[in-house]
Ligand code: SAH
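Encoded as structure tokens, the following chain is the form predicted alone, with no partner shown.
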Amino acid sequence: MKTYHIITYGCQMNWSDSERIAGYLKKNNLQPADLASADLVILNLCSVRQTAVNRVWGKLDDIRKKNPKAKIILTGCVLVADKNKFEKHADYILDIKNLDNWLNKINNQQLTTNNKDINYFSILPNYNSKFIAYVPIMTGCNNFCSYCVVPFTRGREVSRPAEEIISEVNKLVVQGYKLIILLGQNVNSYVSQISNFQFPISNKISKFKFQKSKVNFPQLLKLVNSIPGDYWLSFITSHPKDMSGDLIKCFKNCQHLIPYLHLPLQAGSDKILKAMNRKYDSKKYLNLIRKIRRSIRNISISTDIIVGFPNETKQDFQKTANLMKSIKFDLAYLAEYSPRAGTASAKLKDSISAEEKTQRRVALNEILKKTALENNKKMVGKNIEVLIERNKSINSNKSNKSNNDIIYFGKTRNFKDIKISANSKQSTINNLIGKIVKTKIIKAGPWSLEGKLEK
């Protein structure tokens, strides 16, 4: 085995896991290759919705046609029922938690006692970006929302040691990374056993002493925020039932923490929230949003919503629509309910037609389009910070091929997409990528902003 190719589905945690898979294979002298020539093809799966699983079947057929000699590995979030179906179509189905032993398994070697219990988070990732990094702080979930497979595919919550997280973030900041995103299925429930310890900060030693034996998520944020440097800090995902006052205060007190929060709502009907086992009601969620916005007035808030959950009546759906109108989200990830084997909701009749689910999703998207535009218009005329992610060169004068203008694409400090025009006199084609620059907002759309570079 000399080469590999990774295909990733699903959430940011899967993308982060793929970076660690790449780091592990690189450590063992394997090199990346295209799909048609790779010795190993790894599919990092997502089982959140059936449509995500269905795409894998088509991809397996595609791989066998393009590269019949390749060994295929399936990993990621895979339900037991799907594993049984995939076994005949893949060479290996391997658990990401056993990453350090993958090649032993492939080579039919016995696991060694020395590396049998290695935490895969300790494996050095091969980051996809040179300026944005996902840093997992925990894995698994204890909440058992009735529609969700995560507790069954990733197991119960396991928090990563604070020392390990701080060390990884510190190295990234020293290397010049500009956006650090802490990852977990529910970061709010993070807790690390800890005693007095030391860790490096920008090649210096700082001491953080705690009388208690545990560090919770707000304390972890403060520790990470204490790392000096020119960078932004963010996190995903939070559960409303665990959103504490101490965590809200971090947005004011942590200078690196950007004013952006992803807080899944899932439904606006208390009946549906109870059936989902979400452990909060619509009033509590709304009051929480109001408290957050009173504390951080410029914060951008996104959410997740599922339409067509079993027994969701038109009245239930209307409650979700009304709550969306009231909250005025900046962004929402809207999903049509899909039953997943092993979850509590899979025992319920999938009572809403596919057509009705789509109609409800489209209706919510129209509400979102209006509220997002309303929020974005408030930013027009303001001078803000933007992290430049990529660019595109365009020729504004066909008679003069050397007169190229540049369009930059990036994220604002409150995590909105933005497009920035710059002429060749202001910048060269590559010098701003990965940098934080001052930008004036000149136009707003529902899904993105437009700006111009400040001199």
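Residue indices: 1-based, along the sequence shown. A quick note: this is a predicted structure, and the numbers were derived from the prediction, not measured.
Missing here is the form predicted together with S-adenosyl-L-homocysteine (SAH); even so, the following discussion is about that form.
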Item checked: Partner-contacting position among Gly268, Pro136, Pro264, Pro125 - heavy atom within 4.5 Å of S-adenosyl-L-homocysteine (SAH) in the predicted complex -> Pro264
Item checked: Of Tyr231, Tyr120, Tyr147, Tyr260, the one that lies within 4.5 Å of S-adenosyl-L-homocysteine (SAH) in the predicted complex (heavy atoms) -> Tyr147
Next item on the list: Tell me the stretch among 82-90, 251-259, 318-326, 147-155 that has any heavy atom within 4.5 angstroms of S-adenosyl-L-homocysteine (SAH) in the predicted complex.
Entry: 147-155
Notebook entry, point to check: Is the gap between Ser338 and S-adenosyl-L-homocysteine (SAH) in the predicted complex 4.5 Å or less for some heavy atom pair?
Noted result: yes
Notebook entry, point to check: With the partner left out of view, is Val48 within 4.5 angstroms of S-adenosyl-L-homocysteine (SAH) in the predicted complex by any non-hydrogen atom?
Noted result: yes
Notebook entry, point to check: Is there a non-hydrogen atom of Asp304 within 4.5 angstroms of a non-hydrogen atom of S-adenosyl-L-homocysteine (SAH) in the predicted complex?
Noted result: yes
Margin query: Whether Arg278 contacts S-adenosyl-L-homocysteine (SAH) in the predicted complex should be assessed with a 4.5 Å heavy atom distance threshold; does it?
Written below: yes
